[in-house]
Structure formats: structure tokens, C-alpha cells
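In C-alpha cells, the next block holds one chain alone, the form predicted alone.
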């Protein structure tokens, strides 16, 4: 790491609770630094040189946390809200103390993949319009989508404010033409619903299935979350525009 950080910050980031909970841990004399009991969180620590033990176990420090959440309907994509539960209410306390924030937004009634992290640089990259990170959704609508309407979605539709969407990818996924997979390379407000409304359809169900190279884990229950794997993190950090369609 090469630089010193406060012991209480390191312990909090390692999953031992809030600063207040860490203070209790220290006062209980459960923390050793290089074999010495330390009771003050102000102690400067360099984990490249110092050995920190809690209850005899070495502390594994990670600066950044990356979580995949399978968001259910009914939760607001925000860190706090006065009137509704937020996606952070679904996150275990051991991760919530790391000041995680959602990367992008899903509507309250939308389900599926949501990334949460405290890595601000990666979040900025994934959300920057110039990055053109593809996001794929499963969309169910109230009336069948015709081939002409599907082509309109792919070519770009004019939304209710006059904005023409970028080229997208769209594929019907059942014989009734009531479900489609839609991949966007931008993130306008309520864009999926507005695009379908522009071709005369109402969205009855919406689920985000992927964001760039990160796909929703099919084994992750609705409302559950897990840390990303090392490979998932690596692929997210390596995102570029190679998968964007022509004209995007």
C-alpha cells in the first residue's frame, strides 16, 4: 500500500463495522499491531509493513468493494429516501459501512442487475456518455411488437422530448412477440419505457440483465447480493467501445 492510514479506517474497510463499532473492538483489546495491543483508532498503519490481527486473525484490507445486486421491484436506487426503502437496505451492514453507491439507476419497479461500489473512478467511467457501455434489458409489453416497430427501435426512435435515441440492438424472445431483449448504449431518463411508448407499447415488466461485460448471476436470488469475482472486476475495468454497433 505504501502509505499509512488510520487503524480505525482500515478495520472499518475490512468489514469490522462502523467507526463506532471499531472503537468498541479496540477498547476490548482485541486488536494487535505487530504483536502489541492497540486501543486507539488514530494509530497510523502501513499494511505493507505492519501486521494487524483481530482476535488472532490477520486483517485483509481492500480499498474498494464491488457488489452485484439482483434488485427487486419496490426499492429506490438511491443511498437514502424519505418515503421508500432503498437498495442499500438490501445490503448487509458489513458492506454498507463502506459507503457504497449504486452505479446508475433502475426505476423503482424495475428488477435485475445493479452494481454498487465505492470505486468512484470506475463508476464514473461506466456512466460517462462517451464510454457507451451497453446495457441489456428483458422487456415485456402489453401488445405484440411488429417487425417494423422492432426495426424502429434498432434504428433509433424519437422520444417525447424530441430526442432521437442512438442505434440499439433488439431481439424478440418469444413467439407471441410480447418479450424482447433490448441493448442500449446510452442512459436517458426512463429510456426503455419511453422508447417502447414511442412505438405504441406499454412496458409491463423490466429487468436489466447485463451492464457491459457484467451479467446478472442466474443463481442470485431476487433481493440478494454478492461480491464480484476478480475476473468480473478485471473485465469491468477493461471496458471499451469495441462492442458498440456501427454509428454509436
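Numbering follows the first chain given and starts at 1. Quick caveat: nothing in here was measured; it's all calculated off a predicted structure.
Keep in mind that the form predicted in complex with uracil is not shown, yet the notes after this line are about it.
Of the candidates 136, 118, 165, 110, 110 is the one whose heavy atoms come within 4.5 Å of uracil in the predicted complex; the others do not. When you look in the predicted complex, the only residue of 106, 97, 170, 145 with a non-hydrogen atom within 4.5 Å of uracil is 106. Though the partner is left out of this view, residue 27 does not reach within 4.5 Å of uracil in the predicted complex, counting heavy atoms only. Although the partner is absent from this view, residue 206 contacts uracil in the predicted complex, with a non-hydrogen atom inside 4.5 angstroms. Although the partner is absent here, residue 43 sits far enough away that none of its heavy atoms falls within 4.5 Å of uracil in the predicted complex.
The shortest heavy atom separation between residue 70 and uracil in the predicted complex exceeds 4.5 Å.
Only one of 46-54, 29-37, 210-218, 187-195 places residue heavy atoms within 4.5 angstroms of uracil in the predicted complex, namely 187-195.
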